[in-house]
Structure formats: C-alpha cells, structure tokens
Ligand SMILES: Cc1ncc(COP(=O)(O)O)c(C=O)c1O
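Shown here is one chain on its own, the form predicted on its own, set out as structure tokens.
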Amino acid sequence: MFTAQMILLASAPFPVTARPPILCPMTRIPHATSGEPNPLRTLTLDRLRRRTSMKWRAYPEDVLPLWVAEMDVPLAEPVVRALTDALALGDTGYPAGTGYAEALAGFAEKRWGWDGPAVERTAIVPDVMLGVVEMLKLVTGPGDPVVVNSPVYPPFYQFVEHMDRRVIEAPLGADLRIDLDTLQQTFRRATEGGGRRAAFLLCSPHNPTGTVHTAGELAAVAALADRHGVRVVTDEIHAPITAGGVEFVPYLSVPGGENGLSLMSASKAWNLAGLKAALAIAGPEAAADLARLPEEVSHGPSHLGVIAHSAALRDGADWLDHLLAGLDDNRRLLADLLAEHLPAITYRPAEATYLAWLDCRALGLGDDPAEVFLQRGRVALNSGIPFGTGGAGHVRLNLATSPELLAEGVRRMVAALD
C-alpha cells in the first residue's frame, strides 16, 4: 500500500523530453506487488515520443499528454504474433469469416458468463462509432430523437447530429448513475406526438465517468424503453476494462434486452484503435433488424484489424489481467495524489475504463479548467465541455500510463495553480 506522501511534487514544471521525468531524489513510486508484468510500466518516455498517433503528436513536446483514449503500453504478444504472421503471408486482403465473432463469444462466456453473442446475430463493422451510426439507421429515421446520458462521450453528439438525428439529453444523477426518473421523462418527451421513432444510445460502461451499470439498472432501462417504444443501441467498447471486484453486465443479457443492439470491440482494452474493426450484435428479437444492414458496411473494417482483435480476445486474457491490475494501482495512486495535493478536486475512482472524471469546479478555474492546466501546467487533459450537460468545470484524465507520468501530470496540475 502507498500514499500520496510517497511522491514529492516539485514546484516548477519539468519538460517532457527524452526520458521519464525525475520528480525529485526522494520520489518513490510503489513497485507492482503481483510479481507479474504490468504493461503500463514497460515503455520509456523516449519510446512513447517516437509514436506518431494523435496522443503524442497533437501537442508540442513540452506538453505531457494525458488526454485521448490511447494507452502507453506495448501490444500484447499474441496480437503482435498474429499480425506478424499475417504480414509474412501477405495476408492483407479483405476481411472474411466469423473468427472475430467466435473469439468474442468465447471471451464473453469466460469473462462474463454470457453466451449471448451468437455468431449468426453478429456483423463486422468498421469501428464502434460507425457501427452505432449503422444501428441507429436501422431503428430510426432522419429527424428522429436519440437519447443520451450526459455527460457522455463527445462523438455521441457529433455522429448522431451528422446523420440528421436529434440528440436529447437525459443527464446522469448526482451519483453519476442513470437517473431512471429523468430517463422516463426524456423517453416520454422523445416519443410524444407519435409519428417518430426514438432510440436510446447507451454508453456501458459509461464514458467519461467509468460507471458500470448494474443488471437491475439495465433491466429497468429495458422496461422503460419497451414501455415507451424506444430502441436501445449500446456502446460497450470499454466492457473488458473493469476495476477489481466489479462485474460488467452486457445489456443484451438482461430481461427485456432481447430487442437491443450492441457494439463491442477489442479496441480499448488492447489499445487497437488504429486497427479498425468492431462487431455489431443483435439480441434475439433484433436479428431481423441486423439482417437489414447493407452488405457494403462489412467492407469498411480492416482485415488486419479483424486479425488483431480476434487474437486479443482469443489469446490476450493474461495480458489484459496484468493491465487491469496496473490500472487499479493507478486509480489508487491518483486518488492519493489528489487528496494530498489537490483536495478541492472531487474524484471517484471509476468502476471501469482507464479514464478519470475530475470535478474541478471548486478550483475556481471557470468552465474549462483543461485549458488552464494546458497553458499554465503544460499537461493535456480532455475538457469536460464537449461531454454535454454536466461537463463544464470538469476534465477527463487518461490514467493508462506509467505511475511516474501520472504523478508528473498531477504535479503539473498543481504547478498550473501556482
């Protein structure tokens, strides 16, 4: 066990240049206690700076990036092996077959005790958000309302509005969980007057709060949706990333979820965002809807993406378990650091995802504290404003990095206030 006192934060910013920052000679980061490799402790800052993806190239090199959902980890060995073998064979054509769906079905049964993702009720889609768009096209029409629980992943707004649907917010409660009364009122408002179809775009686990919806909550959602004639489409991309002792519940597994549509992917859990592939899954009563998916949608996923995601789900469970243990350590570390050095920030360690939702309103930094932390502290966090109602005054921090860089991020936030 460790406390925030184990890390001493200096007063002036350190440049993020060639190697992991040394906070001071007395800094002590606790070593992993499991005896197993922690992917978050593997890569040096020098190696990370060689990456050309968004996380590491969107800001100048003096900025520490703790924002977009990329993890500072090496690829799981089974994924590397599968991709290397495919490249050696020149196997870089179009995706085919049911290997991805079979790998997900095996993972879901072992991990969640769920035999729901039947291969015949799945379809490969380019990625989760494009899959969301295609599912919403199946169950709604132009101008129809789509309900979301704000604050929520900003592309929910962007993609839904771009496809000519209307976003209606049903804000989370003060406990950052689904407020069923608010949801019922919003469903009623979305469907009043008749003549319109409506959908509920559910984020499960929820991004940015990391809330894991319980079986009871999901069953209540399904009952409300049935009562008001609302179709549920669920983004479950973060499903494999849960904190210790927390169980993820697939929406399609709860009573009433049979006519739902789900999107799943190995993208977030194994850091495969650049290898595009996802699966759309239909509940038994939504199979006919999924059967109407245009055939050309299956042309969008990357064949190498399908290979990588299948390998992760099939053979990457050990790597994932080591990652989850490291994320648990980082959640505790962040909680201790904030309690010691930034006690005005409210932080509830998430039940899932590798994201931290920080309420900074008590700091008096206005609606966009992320901008203050960036300009004064040279640390990049996600602004809460694009997450919709409830996002102002908040930031989202990506804690899928080394403990050293996480501690440096907090030190920079402190420096921004000085």
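All values reported here derive from a predicted model rather than from experimental measurement. Numbering starts at 1 and runs along the sequence shown.
Below, we turn to the form predicted together with the ligand, even though it does not appear here.
Chemist: Identify which of 248, 153, 107, 187 has a heavy atom within 4.5 Å of the ligand in the predicted bound form; exactly one of them does.
Modeler: Only one option qualifies, and that one is 153.
Chemist: So which of 358, 69, 352, 370 gets a non-hydrogen atom within 4.5 Å of the ligand in the predicted bound form?
Modeler: Filtering the options by heavy-atom distance leaves 69.
Chemist: Tell me, yes or no, whether residue 331 is in contact with the ligand in the predicted bound form, where a contact means a heavy atom of each within 4.5 Å.
Modeler: Residue 331 lies outside the contact set for the ligand.
Chemist: Heavy atom to heavy atom, is residue 281 within 4.5 Å of the ligand in the predicted bound form?
Modeler: No, no contact at 4.5 Å.
Chemist: Is there a heavy atom of residue 242 lying 4.5 Å or less from a heavy atom of the ligand in the predicted bound form?
Modeler: No, residue 242 sits far enough from the ligand in the predicted bound form that none of its heavy atoms falls within 4.5 Å.
Chemist: Residue 209 versus the ligand, in the predicted bound form: is there a non-hydrogen atom within 4.5 Å?
Modeler: Heavy-atom contact with the ligand at 4.5 Å: absent for residue 209.
Chemist: Just to confirm the contact call: exactly one of 112 to 120, 311 to 319, 76 to 84, 125 to 133 touches the ligand in the predicted bound form at a 4.5 Å heavy atom cutoff, so which is it?
Modeler: It is 125 to 133 that comes within 4.5 Å of the partner.
Chemist: At 4.5 Å, heavy atom to heavy atom, what parts of 210 to 248 sit next to the ligand in the predicted bound form? List them in sequence order, or say none.
Modeler: 235, 237, 238 sit within 4.5 Å of the partner.
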